[in-house]
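In structure tokens, the next block holds one chain alone, the form predicted alone.
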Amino acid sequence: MDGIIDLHTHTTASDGSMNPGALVRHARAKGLAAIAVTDHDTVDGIEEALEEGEKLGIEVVPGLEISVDYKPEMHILGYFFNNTYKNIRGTLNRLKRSREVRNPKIIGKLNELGFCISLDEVKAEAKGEIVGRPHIAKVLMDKGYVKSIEEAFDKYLSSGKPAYFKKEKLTPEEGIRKIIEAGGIPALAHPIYLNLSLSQLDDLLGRLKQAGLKGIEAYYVDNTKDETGNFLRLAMKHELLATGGSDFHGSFKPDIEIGVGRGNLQIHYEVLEKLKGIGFALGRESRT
């Protein structure tokens, strides 16, 4: 099989604007051959996405994106085959409870700062899905306190800002291990956001490879051409699969389109074939 794919997308199950079925239909309309649904700390949208993909003839890879304890923030992507994504729900439920404790703290601090915003309003914005900071940011924007979701994060919600509260997180090694234990394939998401020198990233990848890391998101919407080249060389050095995706969030990030990002992405199906090869190899190892 050939065609263009996107291995990093989000739905309303976390902080995307499209429900899982709508996301799959959108990907199909854009001519993609396959997508991975990689919501933050949840797999709740997977079943709907798989069903829609089966109807439309577009391949859907179950996935997720786990936030791990690292400064600056680090995310680990997990990709699953043969319905093994269900095995990680226990870990995700624990992380969800941590988020539920944090949200009222964020809203309480925003109230102290003079913003009239309630948890009920944020829950309504989330439409019954997991409530997160993007939903809080959207309510702030809708009420005119900020002009964009990005401004809400930059001024109030990001690490080090007035309304930021840390939630319980796994260490990078724990996140990798939990994905592997559930039968998944862990990959480092958007290394560009780690703000590391190449030598620092080289050292980090060596450490994470020892913990079981299998891939690095070398193709990403915010990479320059040189950065992509550097990540590809590091992937080769550490024998990691070079994955990639747009980090599509729908209307919450309107300048980023599924499959192509800002027009600078083109990830071929060959990447998914290699990912499947790793998955099959891990499956054989688990049976020996």
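Quick note: we count residues from 1 along the sequence shown, nothing fancier. Note that the structure is predicted; figures quoted are calculated from it, not measured.
The protein also exists as the form predicted together with adenosine monophosphate (AMP); that form is not presented, and the subsequent description refers to it.
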{"item": "Heavy atom contact within 4.5 Å of adenosine monophosphate (AMP) in the model of the complex, the stretch among 119 to 127, 84 to 92, 153 to 161, 205 to 213", "value": "153 to 161"}
{"item": "Heavy atom of each of 99, 132 and 249 within 4.5 Å of adenosine monophosphate (AMP) in the model of the complex", "value": "yes"}
{"item": "In the model of the complex, the one of 74, 149, 139, 185 near adenosine monophosphate (AMP) [non-hydrogen atom within 4.5 angstroms]", "value": "149"}
{"item": "Touches adenosine monophosphate (AMP) in the model of the complex: residue 253 (any heavy atom, 4.5 Å)", "value": "yes"}
{"item": "Proximity of residue 167 to adenosine monophosphate (AMP) in the model of the complex, heavy atoms at 4.5 Å", "value": "yes"}
{"item": "Contact label in the model of the complex: residue 40 to adenosine monophosphate (AMP), heavy atom within 4.5 Å", "value": "yes"}
